[in-house]
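Only one chain comes next, encoded as structure tokens, the form predicted on its own.
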Amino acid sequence: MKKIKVASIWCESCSGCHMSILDMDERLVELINKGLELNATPITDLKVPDDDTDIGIIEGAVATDHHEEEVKMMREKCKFIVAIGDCAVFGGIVTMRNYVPLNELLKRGYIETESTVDGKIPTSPELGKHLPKVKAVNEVIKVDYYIPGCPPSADAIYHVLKEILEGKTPVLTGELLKYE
């Protein structure tokens, strides 16, 4: 049986979507038994997917140059891209920073907060540089499937992965689009 390799990353987000992946519980094991292979994910702590990865799951909005590089790498290495969660699908709550000039936002966050003493804006090259505007994933790369929600339900994620694993085109309807 050919394995279906899955990789995932999270960009600017809370990691709630990856928690929903784990909330699939024993259904995740079921998918693995049917041929799904977790290739590189924050769950496995492997960062770079194989070149022949089938499904790339992206959580979070694109907020830094590092995020932009990561989503482009996922597009190059993955046959299908699934944007998961409102931040990846629409930009989500993190796009609120688009309404404040970046320098003003960084100054307020790192220097002017009431509890900050001798604050400075971090400049380590290991940190990604903030883009002028936070973007949804489809503003940077082509996305094949979308799973909205904050976070999306484990049922919706399971449905999409199962459908792709079975060679079908996943469509979310009814209860799978219900959010609590």
Partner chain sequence: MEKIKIKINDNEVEVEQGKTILQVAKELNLHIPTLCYLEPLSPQGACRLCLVEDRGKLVTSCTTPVAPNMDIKLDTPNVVNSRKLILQLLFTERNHYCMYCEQSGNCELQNLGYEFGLDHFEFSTYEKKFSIDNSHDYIIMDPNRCVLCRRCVRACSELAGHFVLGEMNRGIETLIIADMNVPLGESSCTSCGLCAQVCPTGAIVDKRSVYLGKDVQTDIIYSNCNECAVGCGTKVYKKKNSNFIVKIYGDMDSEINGGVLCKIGRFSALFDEKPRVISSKIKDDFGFRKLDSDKIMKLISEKMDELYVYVDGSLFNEELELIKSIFKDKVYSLYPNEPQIPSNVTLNDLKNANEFIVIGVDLNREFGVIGSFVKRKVLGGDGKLAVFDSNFNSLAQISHYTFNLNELKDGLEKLKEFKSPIVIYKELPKDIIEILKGKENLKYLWLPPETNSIGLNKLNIKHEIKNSKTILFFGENIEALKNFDKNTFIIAFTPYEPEDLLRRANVIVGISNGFERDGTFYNLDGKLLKKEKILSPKFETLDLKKFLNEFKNVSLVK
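Here the structure is a predicted model, which is why all the values come from computation and not from measurement. Numbering follows the first chain given and starts at 1.
One more form of this protein, predicted in complex with the partner chain, exists but is not displayed; see below.
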One residue of 119, 128, 148, 35 in contact with the partner chain, assessed in the model of the complex (non-hydrogen atom, 4.5 angstroms): 148
Mark residue 90 yes when one of its heavy atoms lies within 4.5 Å of a heavy atom of the partner chain in the model of the complex, and no otherwise. yes
Would you please decide whether residue 139 lies within 4.5 angstroms of the partner chain in the model of the complex, comparing each non-hydrogen atom pair? yes
Looking in the model of the complex, any heavy atom of residue 27 within 4.5 Å of the partner chain? no
Quick check on residue 3: any heavy atom within 4.5 Å of the partner chain in the model of the complex? no
All of 47, 73 and 168 with a heavy atom within 4.5 Å of the partner chain in the model of the complex: no
If contact means a heavy atom within 4.5 Å, which one of 61-69, 140-148, 107-115, 35-43 is the stretch that engages the partner chain in the model of the complex? 140-148
Going by heavy atoms, what in 98-134 lies within 4.5 angstroms of the partner chain in the model of the complex? 98, 99, 133
